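Next up: a single chain in structure tokens, the form predicted alone.
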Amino acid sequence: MAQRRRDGIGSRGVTRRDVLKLGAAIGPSLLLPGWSERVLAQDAYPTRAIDILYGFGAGSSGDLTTRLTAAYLRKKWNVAINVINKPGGNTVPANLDLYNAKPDGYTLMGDPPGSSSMLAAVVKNLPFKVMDRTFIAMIGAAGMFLIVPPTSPLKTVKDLADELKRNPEQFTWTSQGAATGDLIFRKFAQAIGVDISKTKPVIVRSAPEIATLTAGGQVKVGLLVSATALPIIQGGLVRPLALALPKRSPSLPDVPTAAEHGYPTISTLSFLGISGPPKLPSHIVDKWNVALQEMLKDPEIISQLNKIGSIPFYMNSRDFRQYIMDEAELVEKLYG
């Protein structure tokens, strides 16, 4: 048996707790150079305003979930947390701001599929590598509805499939480029054997724009996240055909899922995560994960997420990173 050392530390080595106890006894000025500063910096974060970038416009469940997170942590940490919408360019400008930021935890990003798992397949020759960023955690997920104008002759997903197969060249649908709605529609086209390149995507920049175009009959089908879809469905401005999730929405229990219509493969999570620049220190990642797990157990947060058609959906840094890698591989196959 190893002999116990007289200094009381033993064979386990010097731990952070040992150093802190030692520092309390002899004072920080006698610690090894840099130790006290690093410990204080880790414990103090954050000490100033944090910017959370979001590469799409306002109004989607991802945007609203990012804002709920900012509001919660603003109170918890007593610092300003700003959500900065930077739509356009398939989220490349927002991503560049993130990648060029100092890895100190004061510039982060609300990270949905369009700025992460789908990006490399949609935008070729990116000026950065998606997997180089620091994936902090996944925090929420929402479903997407396939919606049509209220006067549309399309009553079911089968009607939609028949119309798309009959005349793909004239079939219009809302596209945000690298976004979950595009992924769902591509899965749908693949499932019914239609070449997606023959269809007519109508490019949009935000969820409210999808709502406006669909309600006005300017597209045959819109793909809209729950947060924006719920009020306009309930108001009769659009008609839902299906929800692209495995289970029905508690807010609209009469709307069937795509799987119930016979298309289970198009079910897709519209997730929201938090990411940081490359090489974000582990103590910052850990602090965010502790706070986010606490947040997602808060009944008020859960209630607010449900109101926007979202649910708490936590993954830690490692699992979130793996999820992105797996989905990116699937997206690459669909986008070719």
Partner chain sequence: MDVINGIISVLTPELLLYSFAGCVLGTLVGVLPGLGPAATMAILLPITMNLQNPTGAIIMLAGLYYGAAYGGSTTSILTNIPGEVSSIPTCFDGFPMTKQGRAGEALWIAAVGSFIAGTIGTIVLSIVGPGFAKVALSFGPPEYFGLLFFSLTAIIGLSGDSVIKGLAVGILGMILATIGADPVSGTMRFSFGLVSLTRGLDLIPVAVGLFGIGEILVSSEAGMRKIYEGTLGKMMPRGNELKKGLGACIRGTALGLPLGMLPGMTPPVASFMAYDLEKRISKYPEKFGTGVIEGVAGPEAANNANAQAGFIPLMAFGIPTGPSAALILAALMIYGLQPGPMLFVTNKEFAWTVIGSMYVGNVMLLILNLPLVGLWARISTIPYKYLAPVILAVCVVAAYSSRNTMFDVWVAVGAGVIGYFMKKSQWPVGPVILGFILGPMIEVALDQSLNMGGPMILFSRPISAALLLLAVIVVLSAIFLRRRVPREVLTEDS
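Residue numbers count along the first chain shown, from 1. Here the structure is a predicted model, which is why all the values come from computation and not from measurement.
In what follows, reference is made to the form predicted in complex with its partner chain, a form of this protein that is not presented.
Exactly one of the stretches 253-261, 240-248, 194-202, 102-110 approaches its partner chain in the predicted bound form with heavy atoms within 4.5 Å, and it is 194-202. Checked against its partner chain in the predicted bound form, the candidates V157, V122, V148, L73 yield a single residue with a heavy atom inside 4.5 Å, and that residue is V122. When its partner chain is considered in the predicted bound form, only one residue from L213, A137, A161, V130 comes within 4.5 Å through any heavy atom, namely L213. Every member of the trio E209, I232 and Q304 reaches its partner chain in the predicted bound form with some non-hydrogen atom inside 4.5 Å. Taking the partner from elsewhere, R186 is found to have every heavy atom lying beyond 4.5 Å of its partner chain in the predicted bound form. In the predicted bound form, at least one heavy atom of R67 sits within 4.5 Å of its partner chain.
None of the heavy atoms of L280 is located within 4.5 Å of its partner chain in the predicted bound form.
Within this chain, Q190 is remote from the site of its partner chain in the predicted bound form, having no heavy atom within 4.5 Å.
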